[in-house]
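As a starting point, one isolated chain is supplied in C-alpha cells, in the form predicted on its own.
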C-alpha cells in the first residue's frame, strides 16, 4: 500500500495556519505557551484541530498544569509533540497515547532508540537531525511511521538559565543572535519562560534528500518555522511538495535561492557524522 507523504509545519505564528494549509502542508503544529522548547510564537489557546508542541519538561510543581493541559487536549484531534515521559503517563490515563509524537531533538538517533519509544504505543518519533542520511534511511527502513526534520534552524542548546535577561536584554524577542570572537557565524538565540535556546547559524535544507527519505520508508516531514517569515515558510512548503510530486530538486533549489539569496541553507549532518 502506498504511504501518503505528510508535511508537518511548526508555525512561527499561531494565526498563520490557514496560509500554511493553502501552501500544501498537511498538519500545523502550534507551540503551547510556557511549555514548548521553541523560538516560535506561542499560544495560550490550545488548538482543537491542529497539533500541539508540548516538548517542555515538567517538574513536580508543573504536574497540575500538565494534567490541565492534557485534559483540555482530550477533545482535540491533533498530535502532541512531547519530550518528557510524564506526558506519556498522563496520556495513558486518558487513552491518548496514539496521538503522541516523541520529539527529543537530540536523543532519537538509532533504530533501537526509535523502536523503544514506538513500543510505548505512541504514533511516531521525530528522528534527531544530528544523524547522517545513511543513518536516517536505515531507521526509516526498520521503523514504521517515523518522522524526519527536513527544514529549519536546528536547536543547538537549551538552558534553563535566563542568559539574555540576566544581561539586561529583553526576553521573548526573536531578533537576537550570538557571535563567537573567533567566528563570523551568527547563532539565533531566544529566551522564554523555559530558559534560553541557541540555534544553528544555518538552515537545514533537504530539497535534494527528501526523495531518498521517501524511498526508504520515511513519509512524515517536519519543518521548523523558527525565525522564518510566513511568505518564506509557504514557499518552503510549496517547494517540498513540488519535489515530492516529481520536480527536479536542482531546479527547485535554484528558484528558491534566487528568491531568498541570503538564506544560509545547508545539508547539515547528512554527509558527516557528529561523532567520528
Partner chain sequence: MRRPELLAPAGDLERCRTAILYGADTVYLGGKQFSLRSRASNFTMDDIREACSFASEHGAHIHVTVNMIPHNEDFEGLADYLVQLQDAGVSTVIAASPAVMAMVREYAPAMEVHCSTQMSITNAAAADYLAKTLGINRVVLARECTMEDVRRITASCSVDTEAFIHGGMCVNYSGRCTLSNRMTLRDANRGGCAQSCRWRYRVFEGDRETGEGPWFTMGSRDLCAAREIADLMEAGVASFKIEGRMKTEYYVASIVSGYRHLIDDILENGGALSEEKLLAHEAEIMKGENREVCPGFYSGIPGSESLIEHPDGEASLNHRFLGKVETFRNGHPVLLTRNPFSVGDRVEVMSPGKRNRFFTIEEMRDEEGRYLERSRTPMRLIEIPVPFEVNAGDMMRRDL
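Positions refer to the first chain, counted from 1. C-alpha atoms forming the largest set that superposes within 1.5 Å between two forms make up the rigid core. Computed from a prediction, not measured in an experiment: that's the story for all the values here.
Form predicted in complex with the partner chain: not shown, discussed below.
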Original post:
238 to 246, 59 to 67, 43 to 51, 216 to 224: which one contacts the partner chain in the predicted bound form at 4.5 Å, heavy atom to heavy atom?
Top reply: 59 to 67
Subject >> Position in contact with the partner chain when the complex is considered in the predicted bound form, options 98, 172, 72, 92, heavy atoms within 4.5 Å >> reply: 92
Original post:
With the cut-off set at 4.5 Å between non-hydrogen atoms, does residue 123 touch the partner chain in the predicted bound form?
Top reply: no
Original post:
Is there a heavy atom of residue 270 no more than 4.5 Å from a heavy atom of the partner chain in the predicted bound form?
Top reply: no
Subject >> Any non-hydrogen atom of residue 200 within 4.5 angstroms of the partner chain in the predicted bound form >> reply: yes
**OP:** Report whether the minimum heavy atom distance between residue 106 and the partner chain in the predicted bound form is within 4.5 Å.
**Re:** yes
Subject >> Whether 111, 160 and 179 all lie within 4.5 angstroms of the partner chain in the predicted bound form by heavy atom >> reply: yes
**OP:** Could you list the residues in 108 to 140 that come within 4.5 Å of the partner chain in the predicted bound form, counting only heavy atoms and keeping sequence order?
**Re:** 109, 110, 111, 112, 113, 116, 117, 120, 130, 131, 135, 138, 139
Original post:
After fitting the rigid core, is the C-alpha of residue 55 off by 2 Å or more between the shown form and the other one?
Top reply: no
Original post:
Core-aligned, is the CA shift for residue 39 between the shown form and the other one 2 angstroms or more?
Top reply: yes
